[in-house]
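One chain follows as structure tokens, the form predicted alone.
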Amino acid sequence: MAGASVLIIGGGIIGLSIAFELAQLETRTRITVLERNRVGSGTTSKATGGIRTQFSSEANVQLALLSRDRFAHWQSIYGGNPRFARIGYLFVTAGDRQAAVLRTGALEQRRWGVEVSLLTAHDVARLVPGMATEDLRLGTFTESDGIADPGAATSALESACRRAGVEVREGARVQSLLLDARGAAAGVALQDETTLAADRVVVACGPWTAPLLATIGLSVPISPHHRQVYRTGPLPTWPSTIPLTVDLDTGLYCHSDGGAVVFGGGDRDTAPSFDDRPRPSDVAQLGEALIQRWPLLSDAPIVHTWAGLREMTPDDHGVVGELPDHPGIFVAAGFSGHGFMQGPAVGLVTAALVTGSPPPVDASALSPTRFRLNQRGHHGTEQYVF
């Protein structure tokens, strides 16, 4: 068995962020990132790049604040340019119940350090020209949030990892995790039948995390769900820059992309599936709600559609930490659509946990120990449940 001290499975923004931060903490440790295809070609490449701090839990808010700061100072930390633009993030609703939720959420978010403003329908109309706002009850806006380029960020992180001495191996398909007699991390077996030894393994492969953990008899509630995004052709009447805007009543969102528009949403409740192929017919499901909120898109030509997977957990929080009963095996996955925006912070937190250092923010709410481990089932599989 050829070995490395730490193996990180997954070469998206999460895995690369962890590798970079580990290299800062353990300069003499061999760190290897194993990516099944090309670096950044998985869920990171399908992200739309939104970076927001409006969350309903303190754990997600603190991760988002820390990540946003890393995006803002990216060049001095990692090198390269993720093209982070503070275009702002806006949530709107026409419903009384959702408006109450937004008001309560804003109070909590301010207490946690988020600078969030409450907007009237008139305020929203001035902020987002061309949006239908007459029926809106409330908007919440964070001016310092924004958007970044997932491809540029991943490329910069890969370069930073290599400069820090991290080995990044593409086309390395991990077949299974390996345990020693105590149930602790021993390494991984690759699809080409080679093995790599390590006393610490970090599983950060997004939607493919649960199947990989199943190779050691664990079932963790991280499930893949189809998501789809659309880009229009140039729209001369569309504002050149608007906040990334989310209609909470429908789940639809949109933002400017040069002279075009990127939009999507409304697909959060899709059935679990590893099918990440575009579904052209799905745009019809968005039609009426989309045009009702953004009339300017009624005649917009769709020139590009892409799809990917969103790995969801039952409580919309990532799973970050060491697995109980399996020393040396760590998980950093299940971010429920927030992986790109939380990636740099997750890297810091996970690296701290792997090295036994104090994490920069309290991420105990993301620990795998929040799940209860059932007794082994009839097929010898342990089940994590709430």
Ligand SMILES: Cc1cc2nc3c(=O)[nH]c(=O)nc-3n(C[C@H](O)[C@H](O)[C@H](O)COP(=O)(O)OP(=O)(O)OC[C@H]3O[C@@H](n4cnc5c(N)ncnc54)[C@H](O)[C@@H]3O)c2cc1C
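All residue numbers refer to positions in the sequence shown, first residue = 1. Owing to the predicted nature of the structure, the values given are computational and were not obtained by experimental measurement.
Omitted here: the form predicted together with this ligand. The next part is about that form.
J.: May I ask you to state whether Val319 is within 4.5 Å of this ligand in the predicted bound form, using heavy atom distances?
T.: No, no contact at 4.5 Å.
J.: Is there a non-hydrogen atom of Thr350 within 4.5 angstroms of a non-hydrogen atom of this ligand in the predicted bound form?
T.: Because no heavy atom of Thr350 falls inside 4.5 Å of this ligand in the predicted bound form, the answer is no.
J.: Val331 versus this ligand, in the predicted bound form: is there a non-hydrogen atom within 4.5 Å?
T.: No - in the predicted bound form, heavy atoms of Val331 and this ligand never come within 4.5 Å of each other.
J.: Is there a non-hydrogen atom of Arg173 within 4.5 angstroms of a non-hydrogen atom of this ligand in the predicted bound form?
T.: Contact with this ligand, yes.
J.: Can you say which of 157 to 165, 114 to 122, 297 to 305, 225 to 233 gets within 4.5 Å of this ligand in the predicted bound form, counting heavy atoms only?
T.: The contacting stretch here is 225 to 233.
J.: Name the residue from Asn37, Ser56, Ser357, Thr27 that puts a heavy atom within 4.5 Å of this ligand in the predicted bound form.
T.: Of the candidates Asn37, Ser56, Ser357, Thr27, Asn37 is the one lying within 4.5 Å of this ligand in the predicted bound form.
J.: Looking at Tyr78, Phe141, Trp208, Phe84, which is the one with a non-hydrogen atom within 4.5 Å of this ligand in the predicted bound form?
T.: Contact residue from the list: Trp208.
J.: Using a 4.5 Å cut-off on heavy atoms, which residues of 334 to 368 contact this ligand in the predicted bound form?
T.: Stretch hits, in order: Phe335, Gly337, His338, Gly339, Phe340, Met341.
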